[in-house]
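Two forms of the same protein chain are encoded below as structure tokens; each is given separately, as structure 1 and structure 2.
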Structure 1
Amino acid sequence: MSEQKIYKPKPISGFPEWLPEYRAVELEWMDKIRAVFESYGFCNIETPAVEEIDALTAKGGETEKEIYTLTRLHAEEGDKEARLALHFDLTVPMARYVAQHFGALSFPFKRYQMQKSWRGERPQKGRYREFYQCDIDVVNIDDLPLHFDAELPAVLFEAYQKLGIPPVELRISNRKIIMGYLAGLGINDPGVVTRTLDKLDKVGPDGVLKMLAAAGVSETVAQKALAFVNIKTADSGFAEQVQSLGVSSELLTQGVAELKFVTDNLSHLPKGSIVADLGIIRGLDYYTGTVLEARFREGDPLAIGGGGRYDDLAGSFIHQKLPGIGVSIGLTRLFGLLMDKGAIQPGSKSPTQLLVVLPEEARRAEASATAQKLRTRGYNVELYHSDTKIKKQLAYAEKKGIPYVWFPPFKDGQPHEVKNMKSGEQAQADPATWAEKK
């Protein structure tokens, strides 16, 4: 007989996976985030992992080159080119969902999604090819009140607080400001400039100037654009700094007024939590108004969340004007960054609260009945899988961090007993009435 070929498993770059004790923490985080979202009236939806390619490329901007398409491994002759692709975020699928179910939804439609997304970018610190996002969006018909532009950042900030992570700041701007400013400078193709300015954190000022020069932007205009995105204030003082640059347009004025409204309505958050940062642009093409990024106040500069307003993303799928605003927590990036720093304490290796010992195979039915009785009372219970030595069964419970071990009768007429693995205390107990000490 020929030897069976062994595939040696190895990590797939950009596709993280955690050990059980860390996955348990990640799930706890998701529960906390979900609770915050639902406390503000957001309902949950889940969309497929795939969308039609045309829907994704219509609004993907430069992200288009990172989209994973779906094809069969063994394509048959005559098969058409790929029609479906993995979604790169949750906003475009949500927009398609709203358009598709328009007649069945109540507006303003407030939804949250907690799903994975996929991008084929180069894996590096904080950047993954597969990652969880936790999104909330509000979509309305014809008009969406500006107060949602302040409410959603506040919800986002509260969710970060519930996680007990290092302090986070929200950096907020408005796309109308940069678009109006560039229009005032006479730039006819602002998309090239905004996408380049959005790379400031990655390539630095010199890199931005070189890229703008390569795109045909004059040095004078490039310097003025760079001066604009360097404006950062902890309050509405950004308005005076914009005015001092000597550029004006109607769109610029409107954007400044909207950003001032948002920052004023977030002034109740802790000092240092909000920064008006005109360098926040967001690379996706569908943002039209308020834009924001969440970052740690100190340390790593990578965004751990963000979002913004879009005037008619959902409306691109249907003949309705459907403006919306959404924000997202980059859960996998946030979790991974803190994991790398050793800042996440592992949770339990197992959800099991009680391990029921198996005295011997002949008493399996009784032990199983005991385990089931405890489960019906709300406990997570595991029955040991074989009638090995009790010492080995206890070692199994200790290794998995199971807090209690239950001993059913080893002989007829003997009582049940339960052992607290932390204190070592062991006492008689009744599976019908025993309660875990808090």
Structure 2
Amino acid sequence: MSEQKIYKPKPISGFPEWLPEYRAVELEWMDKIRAVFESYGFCNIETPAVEEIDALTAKGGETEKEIYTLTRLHAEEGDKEARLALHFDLTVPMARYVAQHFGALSFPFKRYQMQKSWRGERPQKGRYREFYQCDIDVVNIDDLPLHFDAELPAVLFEAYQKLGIPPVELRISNRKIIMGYLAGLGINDPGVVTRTLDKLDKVGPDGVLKMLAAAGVSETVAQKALAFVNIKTADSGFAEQVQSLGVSSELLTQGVAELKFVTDNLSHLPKGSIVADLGIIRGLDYYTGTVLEARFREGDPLAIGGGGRYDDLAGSFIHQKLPGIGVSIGLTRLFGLLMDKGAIQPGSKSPTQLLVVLPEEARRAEASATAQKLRTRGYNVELYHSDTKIKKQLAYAEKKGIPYVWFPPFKDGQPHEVKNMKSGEQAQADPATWAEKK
């Protein structure tokens, strides 16, 4: 034993990591999500972890103060790296990417990205400082058919379905509706009002009214706004309810028509999975039309995904009008929430399917060749690392959850044998022909 001082390892808040058996599940999820995205023709890109600070902040907004910037430990004044920072989402990097490779891309550009993002905020339940997001976006030049506003939520929903998690619902609205409505009410600072209304789930109607009063909104207007965001319908019935509130504006009418189109085109999804919810507003200020949030139908009201339409995402990067719509799965949040509830069934601790026993050092060459033979036939095979007791070698397989143990000949002329660890059965086998019984 060394006398070396140890640095006691500790978790870093907001930077999650999982044991192999759980990471295996996370990887499986990513494969499934990816398969759904590709089945709709989305291609993959990966952008660097870092962007220039100027690129990240080009759009402005609240997220700015959460950006992690990059410096070298021994940075000197005027260090060039100081202009770099970690991206806080995948949308801004995509916008930059599209603008940069504009001439080489084909439009509508449909891409997905599954990468980590970083935000320097205080972690809490379902909230991390390093997290995976799985984004899909469609970007086009000048105009983007409304049809995509229905297709992307459908893709998102299908991805959730494939994961085998508790039922998810998509709550959909359209920014034009709330903006048109508030304008009709004569509210000139929709930012404060929408942010307050967005908290309805958390603070309740009374809380919202109080906060609105504090923001200088009159009681009657506040009541109307509250009635508005309470509108939730499983189909296009919201349209009548909006009309009955007696406010009208061109923007409002347009928004209602768009949302109606979207809900109508999503009516094929299972009952209860789509809700037109005018209380969905969403913080990100680049959204201009359809907005949506995904959450579990029961339990935590936290968003496990979301997205929306933006009229002009890359406007700060290129003189081209590039409207788009994107949705995103908050993979780490989704996974973390279910982990906390103990709802993730752990996978295997190791990908190994077969453990080849090493009977004695003198037989290593033969055991190694056996393992290699089985690998060429497509199995994941591990050769036990030392010639310790068979007992220990089996215990190792047991502990790692390796389903089969392969016994090469212990003496010349003996046959190979394979043992099924679950049933305990053991039988002669040939490495060239053995197959796992399903």
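For residue numbers, the reference is structure 1: its sequence is counted from 1. The term rigid core refers to the most C-alpha atoms you can superpose between the two forms while keeping them within 1.5 Å. Not measured: the values here are computed from a predicted model.
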Notebook entry, point to check: Looking at both forms of the chain, which one is the form predicted in complex with the RNA?
Noted result: 2
Margin query: Once both forms sit on the same rigid core, is the C-alpha displacement of Lys202 at or above 2 Å between structure 1 and structure 2?
Written below: yes
Next item on the list: Examine Leu245 after superposing the rigid core and state whether its CA is displaced by 2 Å or more between structure 1 and structure 2.
Entry: yes
Item checked: Rigid-body rotation angle between structure 1 and structure 2, smaller part relative to larger (whole degrees) -> 9
